[in-house]
Structure formats: C-alpha cells, structure tokens
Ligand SMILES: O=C(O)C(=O)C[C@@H](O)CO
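Consider the single chain below, provided in structure tokens and representing the form predicted on its own.
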C-alpha cells in the first residue's frame, strides 16, 4: 500500500456565530491595553481537513484547528512531497521525515500542527487497512468506558452559569470545567468576580463533583500566586494554564505552591517539550491536543513518558483523535468533552465538519470495537455553512 495523493481543504465557518461578550474567558491578550474582543485571536472558526489517499482506495482523515490556511499551505508545499509513494505503515519514518525536514521553522506551533493533521490521517488509514479501530493499534482497551467531564461554563451571568452547571449534573456528569473572566488588569474587583463565579458553580454542584478551573494563559505568576490560596477552599481538581505556555519555571513554582494541581500542555509540542515540563515538575496534569502536539505518533510517546512520571494525561478538547489515545493508555484516566452547541469559540466546529464522535451517556463515552480507523467521516449536512477552500 502506497500513498498516492494528499488533499487539503480549509473549512471556514460562515453560519451563525454567538457574538462575543466582555470577560467571557481570560486569555493571554488580557495583560495588554487593548480595545475590542481580546479572545478574537483565540477563536477557531476555520479548520483544515486532510485526506490522504492510497493506491488500494483507502482514504485517511486528519485535521488541523490552528491557522488553517497556513496549515494547508505547509502540507501542500512541504509535507505532501515527503509522503507520495510511501507506505503509511512506516509512520515513524514518515513522522521523522516531516519533523526533521521542517525543523528550522516547524518544530513547534503551526508547523507541528500541520504534521499532526497528516499523522492523524495516516493512523486512520492504518486502522482501516487492518479493519480495526485506532485504539486497538495503540494497545487496545484499557478501560470499559472513558469518563469525561463537561467543558464549557464560560464566564457569563452567574445565574446562567449555575443553570448550565445543573444541566450537566442532570446529564450524569460528575466533573465539569469552568472559565475565569478576569485577570491582573481587573484589580481587586476582578479577584472578587473570579471567586464569586467559582462559589456560584460550587454551590450548585456540591462538594462531590470535580470542578476544574481554566485561566487560558490569562494570568501572570504574581496574580496566580495571590489567587491560588484563595481558591483552595473550593477544592478544584486542577487549575489550568495559569500563565503563558513559555513560562515553564512559572508553572513549576505554582505547582509546588499549594495543594491545587497545575495543568497545562495544550500549547506544548512533541515529547521533547513535555520532557521539560515533567523534569521540572511543572505540571500535575498533561493536556496536549493530538491535532497540535505532533499527531498520534508523538502523543503515544508523551503518554509513555508521562506514565513513567506518574502524571496523568487528559487531552484537550476530546474529539476522536484524542479519545483513541485515552482508551489505549493507563496514563489517561478521563477525557474532556465539549458539549454540542452553537458556534462560539470554535472547538464545537468539529461537530459541524465531522460525524462519528461518540456522545456521552451518564458522563461516559465509549468507542466502537467494530468501526475501523478513527471512526470519522465528513459531515456534508453543514457544507453550505462553510466557505470551503481547495
């Protein structure tokens, strides 16, 4: 079996979008004096779809959510020539070929995200070729079902947040994640607003439901050091991305400061990047995203590395490319799940482009033993809602 063609398309959403609101979610732009929507650069309203074709008619599906037009250009110009005529089962060789040939500019960021999309498609081909789901190629089933946590709860009206939290309880979730809306430039009033939002959600869900807290890089070290002791009484499962991704020493300091575990890694890349986080004891929970970190080939190495440090891996965003890894690894105790809703930040766009993602039942998802590959196909029902760029 040989690769004969690589097709990339950019899907840009043109349908209804929930308008942005102030203090919706803290983020890395918040420390700058700026007007307008600070979350604007962190909204993902486009996606790159990768289709790798083989000489026996199999087609593998991959995807990239970061800078889709740039990802497409990288795949078309730099990666496709490295793949044509190759055996997809030589996945390690192909990964190394892409990684090393683009090393001067592609070892992190959008270059690695592009490699990820290709690698995911290659694993989809391999599963389809042997008639097995991808998780069976990665080690098989390590858990009966995958526990998952509901991940939304952006900072809105406190009553609305409480009603949303109750809806997740009603669906059977025993864990959920909320977002902070305020950071260092918001002063004492912002500190109080952050604490009030956590108290409001905890009031509804009680003490026996896990609550995760998301900063999305919107704080700095000083602010996080002041906030952590104030948050301890709420007993969060973790505090996520309190500082920007490059401040590894900041993560390490915070991770030793209180009883609250620090999580991160959504914006880290390859096993080399995670080795630094683990050796510095910078995170207590790893949260890579397979369609950024280097694909399944890189992610499985990170899982093994994390297991040796006894650090759990709970990938960012759920979605099938992450679920297969979680099912096959003892290092991964649970998954994130983005509820299906109107397009807002953009993570939910996945459901408009692909179909086949499992829906949670009482806070658990399962993967079908009989569906080969990733189990995804393109969802043409919504194609008319996209600007599709070949």
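Positions refer to the first chain, counted from 1. These figures come from a predicted structure and were not determined experimentally.
Although not depicted, the form predicted in complex with this ligand is the subject of the following passage.
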**Message:** Whether residue 347 contacts this ligand in the predicted complex should be assessed with a 4.5 Å heavy atom distance threshold; does it?
**Reply:** yes
**Request:** State yes or no: in the predicted complex, is some non-hydrogen atom of residue 30 no more than 4.5 angstroms from a non-hydrogen atom of this ligand?
**Result:** no
**Message:** So in the predicted complex, is this ligand close enough to residue 338 to count as touching (4.5 Å, heavy atoms)?
**Reply:** yes
**Message:** Within 4.5 Å, heavy atoms only: does residue 197 come near this ligand in the predicted complex?
**Reply:** no
**Fill in**
Note: exactly one of 25, 367, 376, 10 sits with a heavy atom within 4.5 Å of this ligand in the predicted complex, namely 25
**Request:** Go through 297, 255, 270, 151 and name the one with a heavy atom inside 4.5 Å of this ligand in the predicted complex.
**Result:** 151
**Fill in**
Per contact check vs this ligand in the predicted complex (non-hydrogen atom within 4.5 angstroms), the hit among 228-236, 177-185, 305-313, 90-98 is 177-185
**Item:** Heavy atom within 4.5 Å of this ligand in the predicted complex - qualifying residues of 240-279
**Value:** 240, 266
